[in-house]
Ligand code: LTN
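There is one chain below, alone, in structure tokens, taken in the form predicted on its own.
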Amino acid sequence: MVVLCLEGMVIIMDEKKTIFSGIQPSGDLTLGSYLGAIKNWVELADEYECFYCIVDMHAITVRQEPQLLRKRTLAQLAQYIACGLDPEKNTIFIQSHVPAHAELAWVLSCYTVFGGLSRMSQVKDESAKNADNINAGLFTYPSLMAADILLYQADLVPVGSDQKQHVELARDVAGRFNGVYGDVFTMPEVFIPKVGARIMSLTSPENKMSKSDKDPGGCIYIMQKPEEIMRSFKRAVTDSETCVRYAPDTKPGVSNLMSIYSVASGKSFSEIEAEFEGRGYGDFKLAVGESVVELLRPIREEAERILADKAYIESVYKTGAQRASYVAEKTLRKVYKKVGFVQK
């Protein structure tokens, strides 16, 4: 058990394995991200020491509107709390509030080989999307990501398949540094948490629901108004069979709606099929939309309440930064001593 004393507060942190996740403040969370991942993160705090970092420093590798970036950062923080991530059980903080991230990133950039950065697929992807702003940050941000992970001696990093490269690079950097200076960093592992329903686009059910969907009607956001949610479900793709039956290979649109309805209502696929036997898709889509509206209503209302309580949300991110800084600075001091910097 570790006891932290921060400005009169006593915070007890159990010795559990540590999970770190960095989340870009890209706006409202989608129904897919909530049902597929975040809903299940809530339970992790009972078994792991969880650090959830809103990585605003990563966000500026692409030009941002300052006021909008601030708004999105706070909105995302509020939405995570509203989704059930208890700030008393999880350390939730803003990356730029913990200077150790930038400080360790510089040190680690001196232990990150040029070839490793050149092979990062996301660097190529982001450069292609932002041809008018191919900056050094796009190239070196994997070193910052490695710093994010290694600062907290993270044992586990929950990532999708497209992010595994970054954990591998963090392991390479940690191994190179440890090889020179001894066991300084914990070697992080990719963590595949329990995954909820895989939610697909409402208009292109062969693709995962994403805020980058070309058709805005294909994605549902947890902060959307009920009438907008209903409109999207009424336009959802089905098929010509007019039979509510779960068959992902032959009926992807209907099967996707069934998955959503199952999670929102708690009903099994067989119960859903029986409920809509002999009824048209119009009734089915209406029921799915209404169930999602009621599922998201308390989350949206709670997020709005949190955002309106400026004192509370400020206390959350300040306390989170204090907790994170305690752990991060301990690692940074050790690194600075190892590389030969004079102690302050």
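For the two forms, the rigid core is made up of the largest set of C-alpha atoms that agree within 1.5 Å on superposition. The structure displayed is predicted, hence computed values, not measured ones. From 1 onward, residues are counted along the sequence shown.
Omitted from view is the form predicted in complex with L-tryptophanamide (LTN), to which the following refers.
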Looking at heavy atoms inside 4.5 Å, which stretch does L-tryptophanamide (LTN) contact in the predicted complex, given the options 260-268, 227-235, 143-151, 102-110? 143-151
Quick check: do 21, 55 and 163 each get a heavy atom within 4.5 Å of L-tryptophanamide (LTN) in the predicted complex? yes
Would you mind picking the one in 184, 243, 223, 159 that has a heavy atom within 4.5 Å of L-tryptophanamide (LTN) in the predicted complex? 159
Superposing on the rigid core, do we see a C-alpha displacement of 2 Å or more at residue 37 between this form and the one not shown? yes
